[in-house]
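The structure tokens that follow cover one protein chain in two forms, given apart as structure 1 and structure 2.
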Structure 1
């Protein structure tokens, strides 16, 4: 936009005021230099970059609505007799925590809305974290230099699960109390210290009077405080390292292309915050969630059938249900594998594998470069297949968490659903791995075909010999670049077992393992044509008679 030479307009009052504030702050904090660096900071655009934003915004909504709830919620296990407006429970004995949650729902105007917004945004928060994590994983955004932020993200995920469980538990209703009882059994199953941990955490035997106030302070102060600090660091790292971007024409590993923070991202991100908040508020207004008054207060000898935890706990429920009933009794002591494995060991292994994945991959590839361009999932088949396989495993556990509901819905015996899951947990993930890897290689091949033979035009042509063929048009330089810019790695070599003098090379065994893994990772990748090969293979293009060239087998 070029402006013809007009005399500079006098600054508006708003601009003057803005400059005044900026000067005031700058003289005290030196903020102008920071502004110079950051006001026009570039953020690349892609829909999948909004997933992390959703997590951030729902966290802010949780802070706001959560503080509101603390104004009315009474975190106490003290027994009271209910005499509020909800008639069906009048006269019932219950904890003050449960009674105050009823009051928030029925007596405080807007209280039910805040509770429901809080719960909906909790679900959206955890779901957004999961999907955000998938985005990071499948595009390789965790690679150097972002491994540390991957670890922070993992910590945030774990804490979000615990935070959600704590919040779900403190209203002390029948449903959440049952979940707490199971958590207690998991703690008891820890060898050696479990019983002590349980007594210290609950202040004695289950349920006790201490657990509700303790979970409360964990829920409203301890974990939110830590999470807020970690989220701040998480975002600071994004600013310092600059956002990754998808490859495309003009987008390289050395630049970042997108819109400036001010004004475009301020408006877009700010607007998006209001949209997330608005969706949560609408859900809070129209979609009932966790109607604790229907469940009743918690009593350790009461239960409602078919109860389900919030979705993010479902995989633990499913793993507890799928585990065979193993227990070891030795020297007067017991180890209940049937609780310990599905409740702690398995989730522990899952989270650990997730956390260390970037380091494993970096070791196998030997790649020490910085990566700011994202991978297309198909271009890294083994990683994508690992991801799909892990998701399949997780989903099977999650589904088994509802085995009673599935059994009822489809009229199968629950026992058969569980037996099916037990087998499926072992058989399905490897199958998913193979299928995903093949699908990725298929897509790579399709990309290669498109580069070499162009795109289908839909025009059918008859050759002099009577054969019908479809005319292919060459693709644009932009598309060719986008499809072929990927990294290709050759599997690492293990090197000789001994040096020239016949002395065994130190670390050769490890190098061999690594070479094997590396081969597993990369041996099947579709090779990219060199420019010469490209020229050769595409010679005679555009005449429509190149139909028979088969990409398969090329490059060997």
Structure 2
């Protein structure tokens, strides 16, 4: 006797409405086909991939809190007399921008919380971009076909620095005014046209009445719009080019191993967004930041002791303090090298080298393949050493940006701190390069030793001849695959200077430079063992009692 089937429940009104909306959009935009393809797109899992998400989510928080603050902020340099609730400044003369910021902090419901969430989100946003960029650089995620995305990321970093500077300048407090004064000095240091640029930007003599409204437009409209467009393109390229992944079993240049966008990845991303938002809200609620009422309004003839910018501008402050006081006079024009070099030339060189590095490495290797598998930093020692050297240089500048605080805290002469930094900027980065490269080569050798010998067991065995050895156990095929799945590059050869008929080879000088760079990049890398070498080693004495293999030669 058959059991009657229970009739299916009719769709709910919400489901009917959703289906109707989907049908409506599909008939006009063809969304169903695109959604079916993209919503099942696979994204790999690794903790480092969350760094980019932190930058994205903090940017969303910045937009949301910024809209709220814009409703109450008055971007005007017009002088007013403060009559608000903050008694210590009542009756003081200040700009309308500073007065409205005080009102947001003390009189607007939730204003101070929003200000602090906004500021903390900005710091997290820039920090996340920095660390996300480090991850991309050290793992080689910038290689073909992602060079364009690397350039977009560098552009976003530059605009984030400018956006942050504009954001903490517009309240017109004493701290932000000091930073604006330094920016004006950097502009004036530009040969020939510096004074004209300064007059155009400030609308006359410093500080002028135009700079705050202009910075406000840049901060709330121009840069956010450009950044939003670039972030959209950045994410679209990630979807089109597919996400990179670390090497592992089943992972190749042709596939992606992970979870689909819907529902798994979207659920995780949504939860992670609320974690980032919660951290920003917690910091905004309990950790005071940028208390402008303590700094007071900006007056051009005043400066507060111990003035320090936000961390992302710290390296520029440090470079200005480290540069000797050099000036020259050419054809009636004074060139202030003490401001021009650290304020414009050095940051320009740093950002340019960062932007063009993928093209330099591709030229040195001659590698024109597409790369969807990431490198481990140890597998590319020179690149990793360059990155560590650059970070060391940046940190030295950053530390020197607080040389007065360091001198006061540790009772050291500020001149001694500055002289130490000047010497360290030349000496320390090369030392960091050498140490990092040797460490990476040592880790490569350790990986090779683990592949050829297996892992240590802690078991000591005595041989018939009386020798004591430690027994090694073979590693799994998965681990061996992960350790040895790395790119190896043979240094390029320059080729003959002339052809068979004695005619000079075109471009030979450039080829010689390329060959020397290629040798510098890859000559010291540990070669991977061939299958034949590995089979000979395991067949000859096995992993159980292997004790005499020479790692450098891959055999006895």
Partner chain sequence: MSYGIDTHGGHGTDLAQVEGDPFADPGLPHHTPRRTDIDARAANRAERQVAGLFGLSTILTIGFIVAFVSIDKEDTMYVVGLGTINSLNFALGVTLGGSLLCIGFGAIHWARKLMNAEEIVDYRHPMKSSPEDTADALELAKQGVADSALPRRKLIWTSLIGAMALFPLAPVIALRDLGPLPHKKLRGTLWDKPEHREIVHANDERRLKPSDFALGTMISAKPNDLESLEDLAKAAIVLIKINPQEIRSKELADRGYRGILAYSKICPHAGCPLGLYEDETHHMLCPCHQSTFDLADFGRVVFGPSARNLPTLAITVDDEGFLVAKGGFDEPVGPTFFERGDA
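Positions refer to the first chain, counted from 1. Each form is matched to the other, and the largest set of C-alpha atoms that superpose within 1.5 Å is called the rigid core. Just so it is clear, the structure is predicted and the values come from calculations on it, not from any experiment.
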Inset, instruction - Just flag whichever of structures 1 and 2 is the form predicted alone. - result: 2
Legend entry - Threshold 2 Å Cα movement between structure 1 and structure 2 at residue 459, rigid core reference: yes
